[in-house]
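Below, in structure tokens: the form predicted on its own, a single chain.
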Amino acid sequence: MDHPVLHVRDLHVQFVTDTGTVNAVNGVNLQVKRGSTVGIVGESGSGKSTTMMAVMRLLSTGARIGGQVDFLGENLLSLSKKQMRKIRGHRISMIFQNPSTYLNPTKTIGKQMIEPLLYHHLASPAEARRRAVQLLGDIGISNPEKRFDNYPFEFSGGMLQRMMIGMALLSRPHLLIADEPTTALDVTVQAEILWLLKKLQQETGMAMVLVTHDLAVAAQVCDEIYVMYGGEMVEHLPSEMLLKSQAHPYLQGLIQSIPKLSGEKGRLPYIPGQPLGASANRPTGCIFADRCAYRFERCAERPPLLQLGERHEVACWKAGAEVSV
């Protein structure tokens, strides 16, 4: 049996504030298998990045995390900080959306790349440099020997993102988490980065989680997609169904809101109302009901994830009723 590399069960994240307890993530479940790419999509504030930061145990000390996060059979939530440091940057790596925020401007690119290898005793300084220079060349950085000794300000945004990918992959992780890795890049560079990620994944067999608000990117890169709204998973489906067989009204609204290239004039469709962000006061019924055009009496009751078919689940009473008829 092919066990998942990552299996998240009933994940909850709460933040204790002066105004009360904020529920940021509520009962999230997901699986990522070896060699596969899972996408997590949704609007800003839906809980995508918080979910992955909880998996990595990188949230602030004020966060309360509950549930289970199994990584290769080991529950990450039960590990000590020291044990987690042995996993981060080695067996699990993460790419963040703004490289300059996470890089030290006073250290060379090369020194920052090889830090995880040296910290985890995966290579000698000479071997770490050799591997880093080779990987810089593999990811499309010209003159890698010279670039190894450059500083971050000497790199363009696209080059910095490539370097971050190289740093994340240098330790050959079992799982790569890419949090909006192409948001600040132009379309051409974005396509190159996505192609590079898939190429390196195929070569290494690693599992990957792609966090994105871009549905087109998710459909192009991912095998399966989880849709988040208000800190909950509202739909899970194969990527080939994303643009043609979505069942939840929220996902349908997101798809309809994508600008068309046909040149047709008219008002762009949108989802009315305000997104449900992290808050202390959450609705007892369907979390999307206030913005949904299809709501009816039963929406006052919270829907579970209903099975629509193989690898297709949706938290919607209407969608479940349509399938069961």
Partner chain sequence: MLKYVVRRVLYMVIAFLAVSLVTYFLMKAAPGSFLAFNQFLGGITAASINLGVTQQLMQELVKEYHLNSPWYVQWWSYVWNFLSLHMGASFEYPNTPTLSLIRQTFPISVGLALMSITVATVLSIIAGVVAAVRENTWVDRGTMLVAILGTAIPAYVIAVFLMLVFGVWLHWLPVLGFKGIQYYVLPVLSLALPMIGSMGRYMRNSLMETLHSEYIVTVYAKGGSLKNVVFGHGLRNSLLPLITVVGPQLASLMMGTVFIENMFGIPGMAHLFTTAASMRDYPLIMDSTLLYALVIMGMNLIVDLVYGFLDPRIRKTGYAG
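Positions refer to the first chain, counted from 1. Remember, it's a predicted structure, so these values are computed and weren't measured experimentally.
Unshown form predicted together with the partner chain; subsequent notes refer to it.
Checking 129, 174, 120, 213 against the partner chain in the predicted bound form, a heavy atom within 4.5 Å turns up for just one residue: 120.
Just one of 220, 150, 190, 252 comes within 4.5 Å of the partner chain in the predicted bound form, counting any heavy atom, and that one is 150. The stretch among 56-64, 267-275, 291-299, 37-45 whose residues place heavy atoms within 4.5 Å of the partner chain in the predicted bound form is 56-64.
Within this chain, residue 167 lines the site of the partner chain in the predicted bound form, having a heavy atom no more than 4.5 Å away.
Although the partner is absent here, residue 85 is a contact residue: one of its heavy atoms lies within 4.5 angstroms of the partner chain in the predicted bound form.
Not displayed here, the partner chain is kept clear of residue 244 by more than 4.5 Å at the level of heavy atoms in the predicted bound form. At the 4.5 Å threshold, heavy atoms of residue 104 reach the partner chain in the predicted bound form.
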